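Just the one chain here, the form predicted alone, laid out as structure tokens.
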């Protein structure tokens, strides 16, 4: 599990960091557009002054520090994991060429102004001391660059170990909120639709697959197979669009709402508990159908073929030869072996339905997990993108374990020792 998690996160993290058009480039472009819109003459002067960039060097340095691009990529990854110290509360200052020690105000402590002394040794290393002469356990300092006249541009900062291993997924660039706060309500939406679609698929597909296997070759089997394969060939998001056209008003029936997770908040807050349940179910019917249509067809065919294969085995003929009833042979002997392929796919289906579907959420105007992740990729919102990656990878790993446990439970040949 750990190598899989590290491998997937390293791969995606590296691609995001090296891909062009990142948050730093987008911010610079926005500032350039703002400078140009302020007047052709002023914008041209600002651009020419920086050689094509509207930002002064100090602002560029601050932007790189904010987005983490002032560190090598391996340090950025380790900081994101939480096993490399993260620098926070930066304060820039200057050390004159004729001094080895300066005083720096760093904030307030206990209602008093907090000042520290920063000293530089002969090797150019900085140390931070409190006013009582003791080394500061909180503040650290380093030199960013040395100018031609010997002046040192330095920064003082605090350090903390904070990353995904400590439960900190970062702060969204777009929403200016912690990633967990942005994800939590949207994950609940995808979880709601995903689990409902998952349970409905199993409740319908297993009995339907059994009946198709027992009535193999009949008109029921033929007609249901036509419906199933037609449903399998239609993407969920396309079926969602068709359902909205047919049942969402307009030229046909006005039975279901056009989208949304539930009624608008100003209406939702005035509803009673029963009215909320009814309204939620009313909004959920069409998305759940679109969400589960693909797994519905797959599970039904898998259940039918698995049962047919087991009914043709020698041990089934032996059970019939011993005089056992058809009901006992099918439900006691054949069913347990036929359910093995279904059980082994439980984890995969859970991982798919919980991670959300951007297209279905977009069709039904649902602010869910998949739609959030897709928009984060377009906006180059790295904290949300990587947070989504962590959640999906953990769900997939947990789902694989669940599949193994389900397989061991249903297959007597497999045991964990």
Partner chain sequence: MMEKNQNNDYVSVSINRRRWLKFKGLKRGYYSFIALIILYGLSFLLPVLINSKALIVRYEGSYYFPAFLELIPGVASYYPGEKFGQDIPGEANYRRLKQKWEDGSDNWLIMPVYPYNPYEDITTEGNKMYEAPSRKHWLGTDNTGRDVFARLFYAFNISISFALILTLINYLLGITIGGAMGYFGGKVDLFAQRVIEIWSSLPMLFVIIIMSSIIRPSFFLLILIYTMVNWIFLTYYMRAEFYREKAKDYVSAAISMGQRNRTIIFKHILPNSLVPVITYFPFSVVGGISMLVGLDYLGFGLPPPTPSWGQMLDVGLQNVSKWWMVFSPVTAQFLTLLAIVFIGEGVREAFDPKVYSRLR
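Positions refer to the first chain, counted from 1. Small disclaimer: the values here were computed from a predicted structure and weren't measured.
Beyond the structure shown, there is the form predicted in complex with the partner chain, which is absent from this document and is the topic of what follows.
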So which of 204, 332, 258, 281 gets a non-hydrogen atom within 4.5 Å of the partner chain in the model of the complex? 258
Counting non-hydrogen atoms within 4.5 angstroms of the partner chain in the model of the complex, say which of 311, 182, 208, 155 makes the cut. 311
Tell me whether 230, 388 and 393, taken together, all sit within 4.5 Å of the partner chain in the model of the complex, counting heavy atoms only. yes
Contact of residue 97 with the partner chain in the model of the complex (heavy atom, 4.5 Å): no
The partner chain contact in the model of the complex: residue 69, any heavy atom under 4.5 Å: no
Partner proximity in the model of the complex: residue 28 to the partner chain, non-hydrogen atom cutoff 4.5 Å: no
State yes or no: in the model of the complex, is some non-hydrogen atom of residue 78 no more than 4.5 angstroms from a non-hydrogen atom of the partner chain? no
Only one of these stretches, 193 to 201, 128 to 136, 317 to 325, 286 to 294, has heavy atoms within 4.5 Å of the partner chain in the model of the complex; which one is it? 317 to 325
Counting only non-hydrogen atoms and a 4.5 Å cut-off, give the residues of 200 to 225 close to the partner chain in the model of the complex. 213, 214, 216, 222
